[in-house]
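Just the one chain here, the form predicted alone, laid out as structure tokens.
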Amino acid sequence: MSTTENPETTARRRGRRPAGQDTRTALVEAARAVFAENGYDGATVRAIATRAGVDAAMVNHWFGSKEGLFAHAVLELPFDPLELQAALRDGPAHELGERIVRTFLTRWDGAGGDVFQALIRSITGHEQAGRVLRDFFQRFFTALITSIGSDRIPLRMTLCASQLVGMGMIRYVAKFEPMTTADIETLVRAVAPNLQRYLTGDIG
């Protein structure tokens, strides 16, 4: 009797992942493989979902978009963009700068400085990764700034991004003291007022 499997039988058996499987993890693993094989532009949501064995709608459900999935799978950001947006909006607008700085430092400290260093390497060594990160910051901060009714959104967005990326570079990559070992609340008190001005204040 032949031991050769019918490809159609194999495909049917592989099919959709059964209930209880970690769909989110499956998508991240599949995305890393597809992005590596085809690049960002060549990778499609359908191809990633097919490799993960899930419906393509699950990409939007878990990550919001292909860009969001790329942020998790390749840039390895230590947070869920949709969850983070909701958390940051939960509170007074005049305290948004504090919430952003505290959350940024808490998430990156928890993930470890090596993760931020890897992120910086990815965006400086690969134009594609840098473009996606820029798009991510643009959408992320544009949504936040729009929600509080501030003007000059593109300028405010880039100022906020420069503050956070710069702070991350000094704390996790260049490791300037005392920034590297300062406790989070000390940095929140020092940095948040400037970030709040970028969000809601007079920027000239």
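In case it trips you up, residue 1 is the first one in the sequence shown, and so on. For clarity, every value in this text was computed on a predicted model and none was experimentally measured.
Separately, the form predicted in complex with another copy of the chain exists; it is not shown, and the next lines address it.
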{"property": "Full three-residue contact with another copy of the chain in the model of the complex, heavy atom 4.5 Å, for R134, R152 and M157", "result": "yes"}
{"property": "Among the candidates M167, A47, A26, M58, the residue which, in the model of the complex, approaches another copy of the chain to within 4.5 Å (heavy atoms)", "result": "M167"}
{"property": "Exercise: A190 in contact with another copy of the chain in the model of the complex, heavy atom 4.5 Å", "result": "yes"}
{"property": "Exercise: I123 in contact with another copy of the chain in the model of the complex, heavy atom 4.5 Å", "result": "yes"}
{"property": "Distance check, M179 to another copy of the chain in the model of the complex, heavy atom within 4.5 Å", "result": "yes"}
{"property": "A161: touches another copy of the chain in the model of the complex, heavy atom cutoff 4.5 angstroms", "result": "yes"}
